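Here's a solo chain for you in C-alpha cells, the form predicted on its own.
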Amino acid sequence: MKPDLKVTETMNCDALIIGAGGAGMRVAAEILERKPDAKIIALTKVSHPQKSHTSTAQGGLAAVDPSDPNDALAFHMFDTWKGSDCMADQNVVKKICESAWDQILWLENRGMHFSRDQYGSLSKRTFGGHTRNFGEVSAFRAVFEADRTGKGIMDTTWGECLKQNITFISQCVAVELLIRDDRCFGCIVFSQKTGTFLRILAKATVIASGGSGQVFNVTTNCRQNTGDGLALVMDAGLPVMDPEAVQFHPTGIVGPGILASETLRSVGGILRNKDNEPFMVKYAPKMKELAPRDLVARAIESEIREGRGILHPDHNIEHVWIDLRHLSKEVHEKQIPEVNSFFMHYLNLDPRTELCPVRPSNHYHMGGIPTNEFGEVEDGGRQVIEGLYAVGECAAASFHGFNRLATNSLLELITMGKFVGDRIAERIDAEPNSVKNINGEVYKKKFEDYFEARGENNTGRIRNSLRSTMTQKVGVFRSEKDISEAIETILDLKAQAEQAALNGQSLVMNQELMSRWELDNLLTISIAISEAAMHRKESRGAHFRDDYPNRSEEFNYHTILSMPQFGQIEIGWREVDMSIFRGGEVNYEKFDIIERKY
C-alpha cells in the first residue's frame, strides 16, 4: 500500500521559524520581547533545540567595547572587509559591527556567563585577522564563555523564548515553501515522529536551518547540516548567492574532523610540520598563526602537498601538528578545557604534554540565501519575497564575503537575528492573514518518487561517493579539471539516486527515507558549489583556483545561481556594496579594493 502523502493538519501562526538554533532563537526572542502575544512556531530537525549546531561553537564572538581605548568600530569593519577579500557588503558590515556591543549586553543581561578577567570585566581574546590600527597589531576583541560560547548563546536565547508563547515541533523538516505572487505564506512540514505532513501558514517565515557541511567528507559540522534551507529555496525557484565560497577551518582534529577551536592559536598554539618547524611565518610573516582561516588552511595543505606532513598511523591521513605544550596550566584548564577533552577522548593524547594532529576540515558556508540588510529574502533581480526571511549560516547578506573572520559567525547570529525580529515585529500586525487555499504540490512528487524507485542503488554509498568527490575535487584547492570531473560525477550520482529503492515503506521514523531526502539536498548544494566554482575563474578568499591563482577585478561581484531543473544552471551577478568607501568619510580609503597581506 502506498504511503499517504496528503496534508493531515493545518496550523496558523504569526511567525514560523525553520531551525531552532542560535539565529532562529534570537529572531523568536526579539519578536516575543516586542510582541508578547505573538504566536510563534519553531521547527527543529533534531530531537531538541539544544542539539542545534550553534551549541558546538567554541571560541567567542567579536564586538568592539565602546569603552575600550585600544579598539574602534572602524578597525572591526576594516578587518571584516579585508578578511572577506573585498567581497562583504559594506552596508551590512557597518550595520552589524555598530550593533555588536549592544547584543553582547543583551546576552549578558539575560544571564549568559561570559568569562571575566581578574578585575571583573569581560575577558577578551584575539583571533585570526582581528587587528588594531588597520592591520598593525592583533586586537583583543572577542568575548567568550570559556570554549563553549555557542552553548551559552543557545542556553540564553532558548530560555528567553520559553518565557513566552512559542511552540516547538521537533524532529521535523520543511519540505516545500508556499509561495504565490512573490509572497511566502508558510511551508509544508514533514514530521518524522508521526510520519505526517503538516501545512503551517504564517505571516512571516524565517529560514534559519544552518549550514551544509555534510557535503564534504571531513567537516566540523553536525550530522544534520545537509544544506536543507538552501535546497528548499532552490526547489522554490529562488537563487543562492556565492555558493562557491566555502570555508575550511585550518584545525580539524584528525579522524573525526571535529573543530579544534581557533582559540588554540589565539592563546599561543603553534603550527608545526614534520620537521617541527613553525611554518606559518613563511605564509603570513606578520600575523603567523593568527592570519585569516583561508590563508592558514592553504598553508597547512601546502606543507602537506610539499612533503612536510605527518602520516597518522591510525587514520592514514596526513596532517601537521599544533603545539600546546608550552601553554600554562591555567590556560589549559580555564580557557581550552573542552578542546583538550576532545583530543583526549578521540585520539587518546594529552595536549599538555603531546603534539596534537590537525588538518583543515570543512567548516562554514559563506554563501547562502540572498537577503538584504534586514534579512528579507531576495530573488535574482533583488526583489523582496514578502514574508520570507533568512538568517544565520544558511543566509548571505553578505557579512562574510569570501572568507569569514573567526567569531563573526556568532556575532551575525545575534545581530541579524535581532534585525529580522525587529522587521517582523514592526510588520506583523499589518501583514494579511494567511490564505487558506494555498497547497503544496512539489513535495508530493518528490516523496512519491522516493517510494516508487525500484533500483538496487544504495543511498549511503551514493552519499559517501558524493562527499569524497567534493572533498577531493572542490576542496581547499580547485582547478577546472577537478571541478569538471566533480560535476560529471554529481550528475551521475543524481541519476543513481533516482534509482535507489527504499527498503521500508513506512513514513514513521524512517531514517532511510530521511537520508534519501537529505541526499537530494546534498546533491543540489554540491552541483551549485561546483558550477559556481567553475564559473569564478580567479582565486578569492576561501575559493582558490590553482589554474587562476590571483584575484581578478573581472569578478568583483556576487555570484547569483539558480537551477530551474537539476543540472540546468543559470548564473547572474549582484553588485558588492561599497557604501563606506563611496561615502568618503574618515578612513574611507581603507575600504577600497585593497591588497590582502598578513
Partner chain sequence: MGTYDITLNIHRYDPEEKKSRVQTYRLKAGGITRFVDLFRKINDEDDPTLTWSSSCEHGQCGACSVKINGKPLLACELLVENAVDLFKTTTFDVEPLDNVAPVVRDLVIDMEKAYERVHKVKPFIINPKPPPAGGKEHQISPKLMERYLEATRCINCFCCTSACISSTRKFLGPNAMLAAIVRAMDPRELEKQERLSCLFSEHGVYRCHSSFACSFVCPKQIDVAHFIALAKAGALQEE
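Basically, rigid core = biggest C-alpha set you can superpose within 1.5 Å across the two forms. Residue numbers count along the first chain shown, from 1. Note that this is a predicted model, so its numbers are computed, not measured.
As for the form predicted in complex with its partner chain, it is not shown, yet the points below apply to it.
Contact with its partner chain in the model of the complex, judged by any heavy atom within 4.5 Å, is made by just one of Asn372, Asn464, Ser302, Asn91: Asn464. For the options Lys151, Arg199, Arg298, Arg516, the one in contact with its partner chain in the model of the complex, meaning a heavy atom within 4.5 Å, is Lys151. Screening 394 to 402, 178 to 186, 151 to 159, 489 to 497 for residues having heavy atoms within 4.5 Å of its partner chain in the model of the complex returns a single hit, 151 to 159. Heavy atoms of every residue among Arg116, Leu122 and Asp314 are located within 4.5 Å of its partner chain in the model of the complex. In the model of the complex, none of the heavy atoms of Pro337 sits within 4.5 Å of a heavy atom of its partner chain. Within this chain, Pro285 is remote from the site of its partner chain in the model of the complex, having no heavy atom within 4.5 Å. Proximity of Leu32 to its partner chain in the model of the complex: non-hydrogen atoms within 4.5 Å are absent; the residue sits far from the partner. Its partner chain in the model of the complex is not approached by Gln472, whose heavy atoms all lie more than 4.5 angstroms from it.
Although its partner chain is not shown here, in the model of the complex the stretch 339 to 355 places heavy atoms of Phe342, His345, Tyr346, Leu347, Asn348 within 4.5 Å of it, in sequence order. Superposed on the core, the two forms barely differ at Tyr450: its CA moves less than 2 Å between the shown form and the other one. Relative to the superposed core, Trp321 undergoes a C-alpha shift of no less than 2 Å between the shown form and the other one. In comparison with the shown form, the Cα-Cα distance of Asn316 and Arg467 decreases by at least 3 angstroms in the model of the complex. Expansion of the His130-Trp321 CA spacing by 3 Å or more is recorded in the model of the complex, set against this form.
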